[in-house]
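Below you will find one chain, with nothing else, as structure tokens; this is the form predicted alone, and questions on how it binds or moves follow later.
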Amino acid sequence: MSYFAFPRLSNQVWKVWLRNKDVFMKTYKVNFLPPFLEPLLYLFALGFGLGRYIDVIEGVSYPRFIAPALIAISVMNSAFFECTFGSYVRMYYQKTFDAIIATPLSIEEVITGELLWGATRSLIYATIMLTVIAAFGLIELPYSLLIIPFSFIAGFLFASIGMCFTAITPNISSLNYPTFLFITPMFLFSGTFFPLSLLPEPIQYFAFAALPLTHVVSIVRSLTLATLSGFLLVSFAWVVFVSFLLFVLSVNLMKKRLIA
């Protein structure tokens, strides 16, 4: 089986999306609380706390510097964890995948629906966080509104990354490895809390070449600060291209796992 064969899809993928949306809305009070509280905690602890000792960073105040990074981190975490731990539970423990595949839906459509839902969670969380951060006057409008549709694209990227790990992970505890070895380094070294220019050049090049969050942070920060440049298109093209490759790869990896 080719790992990069494009999956056969139909509009039935939205049935999986709707199923996950319905489950999400049953506990909406709990689900909407984290993206509301998270930016407040980070902003008060780091932005307004630690930020008192940092006058200006790259021409802006520290709260304005980290605010877009908080949105990007939320986009990453919500999609990644939804399509790792969440998808693994539905696949292995709840047997949700088996039940859906027993209907006319195919494996490819089930996995694609999962990825679309992971991207939707990123959009939901980014929208809530954007509203909270806007209340503090830390973003520029109307450019920042472009973050909402972009969060779906970026969320799809991290959802696909998460699904790749889910496909090759032997048990749910092993999902801690990509969390600690991949997600945590991105959280710290993607230009989130300090500029990448402070790092040695080889690490800077590695961050731009291999860490997706670096490009997402760059785009979100440019939009919140209304500092658009040609490099923004390079980062956007990187995100779209890698998202497509990992989408195809994740679907085929999961198909192999579920058939085996």
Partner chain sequence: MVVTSKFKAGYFILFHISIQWWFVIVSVIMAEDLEKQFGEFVAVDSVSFTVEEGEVFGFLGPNGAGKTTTMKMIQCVSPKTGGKLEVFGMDVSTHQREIKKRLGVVPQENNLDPDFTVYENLMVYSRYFDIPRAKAEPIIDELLNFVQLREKKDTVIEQLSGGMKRRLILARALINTPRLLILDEPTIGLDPQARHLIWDKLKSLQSQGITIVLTTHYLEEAARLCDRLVIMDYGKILVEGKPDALVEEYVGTDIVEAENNPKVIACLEKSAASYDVVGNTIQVYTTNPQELTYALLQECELGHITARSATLEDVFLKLTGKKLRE
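Residue numbers count along the first chain shown, from 1. What you see is a predicted model, and the numbers here were worked out from it, not measured in a lab.
Below, we turn to the form predicted in complex with the partner chain, even though it does not appear here.
Residue heavy atoms within 4.5 Å of the partner chain in the predicted bound form occur in exactly one stretch of 172-180, 143-151, 96-104, 130-138, and that stretch is 96-104. The partner chain is not shown here, and in the predicted bound form it never comes within 4.5 Å of any heavy atom of Ala5. A residue is said to contact a partner when one of its heavy atoms sits within 4.5 Å of a partner heavy atom; Val240 fails this definition for the partner chain in the predicted bound form, lying far away.
Using a 4.5 angstroms threshold between heavy atoms, Val248 stays clear of the partner chain in the predicted bound form. Contact check for Lys26: a non-hydrogen atom falls within 4.5 Å of the partner chain in the predicted bound form.
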